[in-house]
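The form predicted alone is given below as one chain in structure tokens.
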Amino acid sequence: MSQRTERRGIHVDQSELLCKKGCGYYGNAAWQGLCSKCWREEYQRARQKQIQEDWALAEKLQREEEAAYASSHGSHPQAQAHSQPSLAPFSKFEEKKTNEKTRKVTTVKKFFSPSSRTTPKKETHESKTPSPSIARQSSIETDRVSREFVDFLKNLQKPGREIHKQSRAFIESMANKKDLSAEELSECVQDFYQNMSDRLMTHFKGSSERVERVMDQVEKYIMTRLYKSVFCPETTDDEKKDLATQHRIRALHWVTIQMLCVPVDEEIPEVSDSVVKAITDIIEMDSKRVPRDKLACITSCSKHIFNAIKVTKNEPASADDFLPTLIYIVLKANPPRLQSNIQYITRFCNPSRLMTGEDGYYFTNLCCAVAFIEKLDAQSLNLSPEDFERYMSGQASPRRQDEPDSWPQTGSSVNPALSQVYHNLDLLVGLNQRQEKVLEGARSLQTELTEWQESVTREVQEILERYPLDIRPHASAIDSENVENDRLPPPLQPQVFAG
């Protein structure tokens, strides 16, 4: 394996993690390097521009149609008379579009208003009639979250009732928007977050902590109920990206800790334990439903990484050490549905969490790590293009040498799992040698026993031939050898009794 003498390592300037607009918030690759706030502004600006262009095109087509109609009839008054009916539907269409655009803003218009206490019976009846998708059997987790949400809102009394009402109404409205794209679904959720946050900020008189606490519960309730319909929707290619990322990470299984310049020594028990916990956290992210909980898994994983670096270097970890280690953890874990989880957090998380704080910082680094893995090349790993292609194709591996007897030595340069495998292989080789010795001794003992048996048989046969056995009969009285016959009583004589 040929390597360059100068190791570059992986370095990302912290300024590159910030929004390209210079607002000071964290950017995101999914938002073209912008923060959620700037991205929404750009998205809405582009959307408004597209709407204006569509209007201009519609007006142009209408004028061309009117001109063609007027020229075909040859009289301008008649064309005017016939063009008036066509303007009416166009005006109605414009009014309908305007109402749709302002509908989102007025979703919670009556929030905390005195008139909300007396709700019309018709509206109450409609709110109690859920859509078919909402009426389906809820999961255990959904029921638990709903109960927790209601218990939390009880402490807020009247505002709590309004929050619950608006949240349920929003969920029911989202059930009828299955045909929308992922970006449009995200826009609906983000609009609801913004409107709800503004109302809460007015009610709590600027107490951002209380607003954030309520918004966390709102996000948990809403996204738990909407999870199945908005996570990895069919209108996106998230699943395709997931498979591509998994295949990419599998193909990079040979990447070692030295190639990434990761300052972690997994031979240290505490470091190894932190690495295992970090891998567990990043994998566990897929089992969460709420974007905030998924972010918590990323944050916990990152803290374990910082702890591993700190223990290894005996000093606080730096940002330049964190990103390579995070890339290494992602390569080892190969988290399921990684791209879908990132997109889900990006689309439906409370934007304030992604813009500032440690959650936003760690999530931005995770996005950078995934982008680095997708663009990983020979230069990034300080390898020659030839070696990189051989490793990627599976023709060779840096962890296996050409000599079959030279196992890699255990140490910080080798994955601890592989070190254990090689150690076990050495033990198996030693046990095999000992078994061969035992079997050889058993075969030798069996041979000696066979030879001893044959020698004993020969000696017995020779003795029998030399001294044949002669058995003579011995005839004598029963009591001939009894020297005390004179002391015996006389034998019994038969006696005859007369009848």
Partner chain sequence: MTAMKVDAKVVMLGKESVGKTSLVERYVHHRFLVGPYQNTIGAAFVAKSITIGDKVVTLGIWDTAGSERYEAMSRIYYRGARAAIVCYDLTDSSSFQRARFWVKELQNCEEHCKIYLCGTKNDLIEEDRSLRQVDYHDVQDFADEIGAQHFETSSKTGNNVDGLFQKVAEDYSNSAFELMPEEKGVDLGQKKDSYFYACCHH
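Positions refer to the first chain, counted from 1. Here the structure is a predicted model, which is why all the values come from computation and not from measurement.
Not on display, but discussed next: the form predicted in complex with its partner chain.
Site annotation in the predicted complex: the residue of S300, N195, Q217, S340 reaching within 4.5 Å of its partner chain with a heavy atom is N195. D191 is the sole member of D426, D387, D237, D191 with a non-hydrogen atom lying within 4.5 angstroms of its partner chain in the predicted complex. Partner contact region in the predicted complex: 313-321, out of 313-321, 272-280, 285-293, 146-154, criterion any non-hydrogen atom within 4.5 Å of its partner chain. For the marked spot (N307, I327 and T364), a heavy atom within 4.5 Å of its partner chain in the predicted complex is present in each of the three residues. At least one heavy atom of F372 is located within 4.5 Å of its partner chain in the predicted complex.
Put simply, S173 is close to its partner chain in the predicted complex: some heavy atom of it is within 4.5 Å. None of the heavy atoms of P159 is located within 4.5 Å of its partner chain in the predicted complex. In the predicted complex, its partner chain sits within 4.5 Å of a heavy atom of E358. Residues of 222-257 placing a heavy atom within 4.5 Å of its partner chain in the predicted complex: none.
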